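One chain comes next, on its own, written out as structure tokens in the form predicted alone.
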Amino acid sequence: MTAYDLAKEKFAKEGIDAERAMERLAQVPVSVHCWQGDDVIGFDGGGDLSGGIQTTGNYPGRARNFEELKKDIAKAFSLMPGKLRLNLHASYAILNGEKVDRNAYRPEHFAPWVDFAKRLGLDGIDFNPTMFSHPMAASGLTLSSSDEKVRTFWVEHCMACLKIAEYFADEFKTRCLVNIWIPDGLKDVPADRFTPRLRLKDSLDKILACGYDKSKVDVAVESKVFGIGVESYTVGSNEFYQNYAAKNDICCLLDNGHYHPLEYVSDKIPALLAFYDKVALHVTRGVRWDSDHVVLCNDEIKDIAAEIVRCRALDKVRIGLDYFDASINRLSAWVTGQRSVQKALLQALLTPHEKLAKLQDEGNFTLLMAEQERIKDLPFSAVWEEYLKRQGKEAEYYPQIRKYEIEELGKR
């Protein structure tokens, strides 16, 4: 018998069908962010990174244009198991010399991305307005700015993004998630916390009133505790966005790097699912603060995956990645993060959640603790290796990345 055969038998004794777990995992799309490949610079020449976004490191081989980024994405995606989507920021528009600002972007500026994603056989494209690294965001305020001209510009940009999202949905016949994140806030103690939030609310109301097709596009708003340069006050706080999303029947996006270090997104997921039909995630790894480290299969990622599976919410939670590390090989960062999420989901699918929940309901906490620890010793790795094999992927992917680094990245 193979290691997988033995593992399959052990999981069967726990009431878990390993075959079914692998089949289910293969159907769960993960939306992989384009901005890991070029350090969040984009193609529209909006300006230097701003809005508290920083990329550290200068590892050689950064993608400098559309062709290089496509080549890197194709290589990285070829090493990722499971169903994949592409997550784009609006700053990656392909303008081909056309002078057009972000508030006037059109679907044709992203048609090359659609062609590329179809060639890769992706499940679809998700989208993000880019409200940083632009002259109209120089003050650090966008949708909440006291300058009506600034607010109007970014409202128009978001409206344009919703139309582009409809185009993506039509092309792939899958719903497109549009995530609205803004850098708005203040470095020091504010004199007025209320009025900027009223302006943000009004701006969001105008965006949602643009007449976008709700059967094709899911809109999400993403909160944050603080950022570089906005340490004292963030307009789009967790309380503001959760209430706004609930009132307006849109998604609340949870980024697990955007909260206090002792505040866990894994705990927030079942809380939101009690009220929302859909929840969106940006999976990252914060180290002491929102530092967007590469996702690893650590305890919090395992807990996030476990809550999604326990809540039977694999079809309700939109999983996207969001990190950028320029201190290591960028392709390896992509693949490591995506595989970590897949690994955590598989482990969650191989856990006897109903059995454990029954022990909790019975108040048998002694046995519950013992069982929670015992199942950690089940031969998960054998199932993971079998899953990779069936997906046509090697367990050890670094040699292929190193070869690509020598042949392609090293020439840049």
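Heads up: residue numbers just count along the shown sequence, starting at 1. Treat the numbers as computed from the prediction; the structure is a model and nothing was measured.
The form predicted together with L-rhamnitol exists for this protein as well; it is not shown, and the discussion that follows is about that form.
None of Ile53, Ala26, Leu368, Ala382 but one reaches within 4.5 angstroms of L-rhamnitol in the predicted complex through a heavy atom, and that residue is Ile53. With the partner omitted from this view, the residue of His109, His134, Lys224, His157 that lies near L-rhamnitol in the predicted complex is Lys224 [heavy atom within 4.5 Å].
Proximity to L-rhamnitol in the predicted complex, taken as heavy atoms within 4.5 Å, picks out 251-259 from the listed stretches 134-142, 251-259, 161-169, 299-307. At the 4.5 Å threshold, heavy atoms of Phe153 stay clear of L-rhamnitol in the predicted complex, well away from it. Looking at Asp126, you'd find every heavy atom of it more than 4.5 angstroms from L-rhamnitol in the predicted complex.
Residue contact check for Leu345: none of its heavy atoms lie within 4.5 Å of L-rhamnitol in the predicted complex. In the predicted complex, L-rhamnitol lies farther than 4.5 Å from every heavy atom of Tyr387. Contact annotation for 314-342: residues with any non-hydrogen atom within 4.5 angstroms of L-rhamnitol in the predicted complex are Asp322, Phe324, listed in sequence order.
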